[in-house]
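Okay, so we've got a single protein chain in two different forms coming up as structure tokens, structure 1 first and structure 2 after it.
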Structure 1
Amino acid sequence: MTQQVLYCNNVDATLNNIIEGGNYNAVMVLVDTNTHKLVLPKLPCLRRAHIIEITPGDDNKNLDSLVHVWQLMHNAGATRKSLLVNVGGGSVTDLGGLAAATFKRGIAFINIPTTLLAAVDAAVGGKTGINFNGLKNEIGVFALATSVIVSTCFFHTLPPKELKSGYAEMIKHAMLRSQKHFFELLDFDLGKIDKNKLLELIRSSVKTKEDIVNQDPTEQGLRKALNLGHTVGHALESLAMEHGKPVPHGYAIAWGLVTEAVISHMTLGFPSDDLYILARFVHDNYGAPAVTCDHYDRLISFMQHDKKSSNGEINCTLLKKCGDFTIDNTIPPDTMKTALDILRDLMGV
């Protein structure tokens, strides 16, 4: 990956250095209504930048917003030597990355994630996209930000739910990396956050993602490892959405990680001790999903139609142990149902 990821507490100075060194003929900043109000005032180096604002939320990560960004970049007189700075959560970095990557066949962009989820997931690794036709990230490209500036200094305005949502992706990375990292993550107190410690945990989390992405930037194979927890997680997320009671992405992923660890235990001998430690942490921090056995068929149908599946089979990344994963495992529906039973048991449903 030729993407530079910088970890710091002084975002303005870091960003200013990059801009000064870049010789850009125009600088634009993409914000949503929230980051415009809360974050932009903390970045005085952007005071002369052209501001492009979009409505917050994944619902607005759509074609209309993309065209709006293109239009305002055009109005700002952007050329190939201009820079777009994306300041926000995953919706902003996904949309802004796509807008920059497609404007005049690609201009430079910098991501400044303002949520934990964006810092450890959306903002690094080069995936950009918008939703289209009701499908998430249906339109997009792989395009690396020139730089990503990761800081915990914006997180104090995040609701605890948002922080936990991002933390689930960090647990996933730790499980893909090693038991040591896994334990380190589960030892951290989410109720009383030490920001310096969190920044260090984020650094090793992003490192895990970078190591995998570097080996397979366009998701031909290995990168699917990052799908751990997501086959079940996405299905739980879709079910909750369908019932009009949406859950944060990371909560669904946390339950997905437990379920897929159960399947890993059943089929590959993933250690039961680690499974129980994970289940306890998820139960204590994320509560339980609203699932009964009446929902199993619908959940399995979601899994069979997941973007990562092919031929209508359920495709999961599984673990022999933390740090030892295998991609492209086909899971029989009955095995999945048993795992969902055990998930509900472990979560006390």
Structure 2
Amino acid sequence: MTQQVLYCNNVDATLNNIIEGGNYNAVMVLVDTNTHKLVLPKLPCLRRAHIIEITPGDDNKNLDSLVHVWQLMHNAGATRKSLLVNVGGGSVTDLGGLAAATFKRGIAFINIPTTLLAAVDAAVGGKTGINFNGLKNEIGVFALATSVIVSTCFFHTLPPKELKSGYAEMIKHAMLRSQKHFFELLDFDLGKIDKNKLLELIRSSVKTKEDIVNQDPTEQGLRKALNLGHTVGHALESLAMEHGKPVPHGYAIAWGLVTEAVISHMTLGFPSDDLYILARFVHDNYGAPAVTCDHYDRLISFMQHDKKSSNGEINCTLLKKCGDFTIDNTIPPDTMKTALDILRDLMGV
């Protein structure tokens, strides 16, 4: 099964055409309280859909929310010929995708990402999941949406922090692709968004991900490249959640990209010039993580429990240079601690 990614300005007409051509016996729409208020009124084709609402925020992407969605799907009379439309950010598409993939052993679903992060990451590629026992996306399945509708028309409601969060995933894709794409993203003005240019950059970013996912849909090999920045990033995100001070996913990934670029420089000769350019951009746009050396052991514990770890080791994707990556690199804890020291120095902590 392939995933159709559609880029458009008229989301309602595009979605309506898909629904009318699908012969679904019931249509449900999953929203959070924000997208229910701000986005759903702009999609009149869903006015007769069964609405399922959840509380926004990644900390609510949990088993209780999943059961809530299942229950309301059941109440709506959903069958295997029904459709779930996920309208929201990554938490909505992750949770909704898992709910659809497991209800009645799988029903069709469509993702309409309303954040930049969801558009370039969570909504495409077929990963679904919820958090469990304090670990990010610990429970989930691979399941492709029948369609993903990508548009910048909803992004005007996003605060700058949310746009920057998604942009970090785009930087990751660019680093995996080439130095040219890496520099192109760092030259884009995040303070004055050109929506047409941004849509072009999104299309390029999603294509990079699709090219990798199509070759390895269930992450047996090549797809692990997309974990660049995520071993450290997920640990930083989990630590922040544990301390009751959650940070946006993309901010944690930005700090993870710098840390893993440091390790790449230490072990594979990743160019120091590119490392410093990345670090300066991250410092100026994402600030610094609230981490001291007292947190290192806990961070390493999170990394050793990451899904990429098979035997309790720290597993990272690293770069020889932009566009030249290696997967399944085992990082000794002492090397990781040194890299975290350098991260804090680069971020001015």
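By rigid core we mean the largest C-alpha set that fits within 1.5 Å across both forms. It should be emphasised that the depicted structure is a prediction, and the values quoted were computed from it without experimental measurement. Every residue number counts along structure 1's sequence, beginning with 1.
It is structure 2 that shows the chain in the form predicted alone. Annotation for residue 298: C-alpha shift of 2 angstroms or more between structure 1 and structure 2, rigid core superposed.
The Cα position of residue 38 differs by less than 2 Å between structure 1 and structure 2 after fitting on the rigid core. Core-superposed comparison between structure 1 and structure 2: the C-alpha position of residue 324 differs by less than 2 Å. Taking the core as reference, the Cα of residue 134 moves 3.5 angstrom between structure 1 and structure 2.
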